[in-house]
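In structure tokens, the next block holds one chain alone, the form predicted on its own.
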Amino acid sequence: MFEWSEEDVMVRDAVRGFIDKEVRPNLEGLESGSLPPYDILRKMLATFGMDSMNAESLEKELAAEEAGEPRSSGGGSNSLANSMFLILNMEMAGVSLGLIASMGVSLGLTVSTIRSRGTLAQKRRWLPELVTMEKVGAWAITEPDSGSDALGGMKTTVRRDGDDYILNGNKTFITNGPYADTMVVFAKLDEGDGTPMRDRKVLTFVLDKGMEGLTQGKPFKKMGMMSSPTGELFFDNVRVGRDRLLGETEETGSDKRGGDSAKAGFTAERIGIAALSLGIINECQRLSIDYAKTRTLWGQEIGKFQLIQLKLAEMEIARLNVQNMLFVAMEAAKAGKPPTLAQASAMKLYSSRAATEVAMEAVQLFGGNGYMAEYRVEQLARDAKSLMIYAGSNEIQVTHVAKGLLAQ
């Protein structure tokens, strides 16, 4: 694959039409955090028929599992092979990145974890309303003292209490946390045998809004991605039944710390960052080209100045590189060889860095106007910077890329 197909371009134009009609008029409310993104996301899914497609696909999958056919492996490779999904992510990211972050965590991480680890009964219980975004999902692994050491530094615990578990601790930086209806929560099992915290088994539970002892904090004020509500979750002796333990078993095999499940989510999330980065690069380049053609200094368009041309040329190089990385990943997924965690980390590292550099150069190209919210490149610069931290800081991506190389 070396270019978008005619069908892809048609989808792109349709998505742009939706954005112009439904998103841009609401940008002020979205970017101030006063307007939660969920109604717009539901309307988008309905407009493009994605809600019904998701529901039909889920029902076929569950029916097949009920008939004894192989379970879905999850992990996000299916969405990678779906160009419509990637185009939607790209186009939306260039206008309101937070919308896509909220949708990605709800439809992506939350759904894929339940899909890959849950029992058939658990899938039927939670997935039908999640895949249409009738209910909003959150994926809670990060904690105040763990950050990049998400599994090893985890302090949220569960202990057995008869047939139930008692959950205590808190999570932070949780996308959709303030409004989520359904939350996938990772916690360390306290067996009372003195096992060091880092070595304890990690279990995964599904919680619902309104459970006794569960508190959802207010949305944080952030530098960027304002249209995606982010907050804390607090667990104060939350009683959870075994029916909320994904898989309804404590057995994790050799994967004692639950790392394989988390890594599958990380891989899909980091590949997604490349699509979001490309969306920001595309929009920055479009705005910069338009400005270079219309802004005049010393009696001529600034696009005729070599330094401006250099900025535009470097934006194009970044666009081509990130787009080509996505094309390769898409073809690999279609061939049944989706990117490894190390490859996904490399994509995330490069693309987020490229998007941030392009966005900052766009601000510089616009000069004083670039610092003003009216011209939008300042929002894109703030949003792009979040991609260097979101889904694992870029410093952590270096570690995963290097480990992948050294393991060869």
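Note that residue numbering follows the sequence shown and begins at 1. Treat the numbers as computed from the prediction; the structure is a model and nothing was measured.
Only in words, not in the display: the form predicted in complex with a small molecule, which the text now covers.
The small molecule in the model of the complex is not approached by M315, whose heavy atoms all lie more than 4.5 angstroms from it. Among residues of the shown chain, A93 is not one whose heavy atoms approach the small molecule to within 4.5 Å in the model of the complex.
Contact check for I396: a heavy atom falls within 4.5 Å of the small molecule in the model of the complex. Proximity of N168 to the small molecule in the model of the complex falls outside the 4.5 Å heavy atom cutoff. Proximity of V105, W139 and Y390 to the small molecule in the model of the complex is complete: all three residues have a non-hydrogen atom within 4.5 angstroms. Of the residues V322, M133, I174, I100, just one reaches the small molecule in the model of the complex with a heavy atom at 4.5 Å or closer; this is I174.
Checked against the small molecule in the model of the complex, the residues T249, T215, S148, T195 give one hit for a heavy atom within 4.5 Å, which is S148. Comparing 200-208, 224-232, 121-129, 271-279 against the small molecule in the model of the complex, the single stretch with non-hydrogen atoms within 4.5 angstroms of it is 224-232.
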